[in-house]
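Take a look at this one chain, the form predicted on its own, written out in structure tokens.
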Amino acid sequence: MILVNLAGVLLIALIVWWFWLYKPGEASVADSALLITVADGTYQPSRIKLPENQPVTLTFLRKDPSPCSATVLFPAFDINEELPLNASKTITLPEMQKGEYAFSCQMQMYRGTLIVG
């Protein structure tokens, strides 16, 4: 009985860490272009530093066959793009003011942040 309870608590801790506490490394865009890989339930990199007041081109490479990974949304810019499996998709974002802009799949299980400034 104790082992079952311990396993349950560990599983709950893992879920909380994965969905709310895990913060992957950041990447910076120096040349206004960046490759983001969609695999294993994440965007890599998922935190991207961008320069202020410059348009940027992001290239997504989807390796994950999950239906959730098939779409990327940028709500602040009303951008909704389909990502083909095992192929690159280029998305150009407009100039942005200083701040943070979220992007995600349609169910918000794959999440990322653009950090402008």
Partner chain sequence: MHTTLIIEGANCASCVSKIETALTRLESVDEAAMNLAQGTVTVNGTASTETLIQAVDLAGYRARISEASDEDLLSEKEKADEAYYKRLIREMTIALSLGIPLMVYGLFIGEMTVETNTERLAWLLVGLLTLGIMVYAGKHFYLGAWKSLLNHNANMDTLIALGTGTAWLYSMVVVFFPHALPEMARHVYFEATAMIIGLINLGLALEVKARGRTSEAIKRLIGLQPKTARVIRDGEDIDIEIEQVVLDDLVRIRPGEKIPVDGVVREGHTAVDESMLTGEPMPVEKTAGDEVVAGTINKTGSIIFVANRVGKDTALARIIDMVKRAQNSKPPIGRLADVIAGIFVPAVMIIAIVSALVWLNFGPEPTVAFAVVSATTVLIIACPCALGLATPMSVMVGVGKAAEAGVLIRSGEALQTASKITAMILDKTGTITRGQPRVTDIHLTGDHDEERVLGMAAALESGSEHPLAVSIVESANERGVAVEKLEQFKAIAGYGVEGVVAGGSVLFGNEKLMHERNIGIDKAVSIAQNMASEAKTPMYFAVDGKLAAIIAVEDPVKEDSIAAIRRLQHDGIRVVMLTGDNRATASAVADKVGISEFFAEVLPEDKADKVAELQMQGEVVGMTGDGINDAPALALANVGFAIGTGTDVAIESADVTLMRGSLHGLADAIAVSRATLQNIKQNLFGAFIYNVAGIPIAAGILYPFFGLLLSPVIAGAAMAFSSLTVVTNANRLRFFNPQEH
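Numbering follows the first chain given and starts at 1. If you superpose the two forms and keep the largest set of C-alpha atoms that fall within 1.5 Å, you have the rigid core. Here the structure is a predicted model, which means the values were calculated and not measured.
The same protein also has a form predicted in complex with the partner chain, omitted here; what follows describes it.
J.: With the partner left out of view, is Phe60 within 4.5 angstroms of the partner chain in the predicted bound form by any non-hydrogen atom?
T.: No.
J.: Is there a non-hydrogen atom of Asn53 within 4.5 angstroms of a non-hydrogen atom of the partner chain in the predicted bound form?
T.: Asn53 lies outside the contact set for the partner chain.
J.: Given that the partner is absent here, does Met109 sit within 4.5 Å of the partner chain in the predicted bound form, heavy atoms only?
T.: Heavy-atom contact with the partner chain at 4.5 Å: present for Met109.
J.: Going by a heavy atom distance of 4.5 Å, is Asn80 a contact of the partner chain in the predicted bound form?
T.: Judged by the heavy-atom cut-off of 4.5 Å, Asn80 is in contact with the partner chain in the predicted bound form.
J.: Is the partner chain in the predicted bound form near all of Leu35, Glu95 and Ile115, within 4.5 Å of a heavy atom of each?
T.: No residue of the spot touches the partner chain in the predicted bound form.
J.: For the stretch 52 to 80, I need every residue with any heavy atom inside 4.5 Å of the partner chain in the predicted bound form, listed N to C.
T.: Heavy-atom contacts within 4.5 Å come from Pro65, Ser66, Pro67, Cys68, Thr71, Leu73, Asn80.
J.: Any CA movement of 2 Å or more for Ala102 between this form and the one not shown, core superposed?
T.: Not so; Ala102 is displaced by less than 2 Å.
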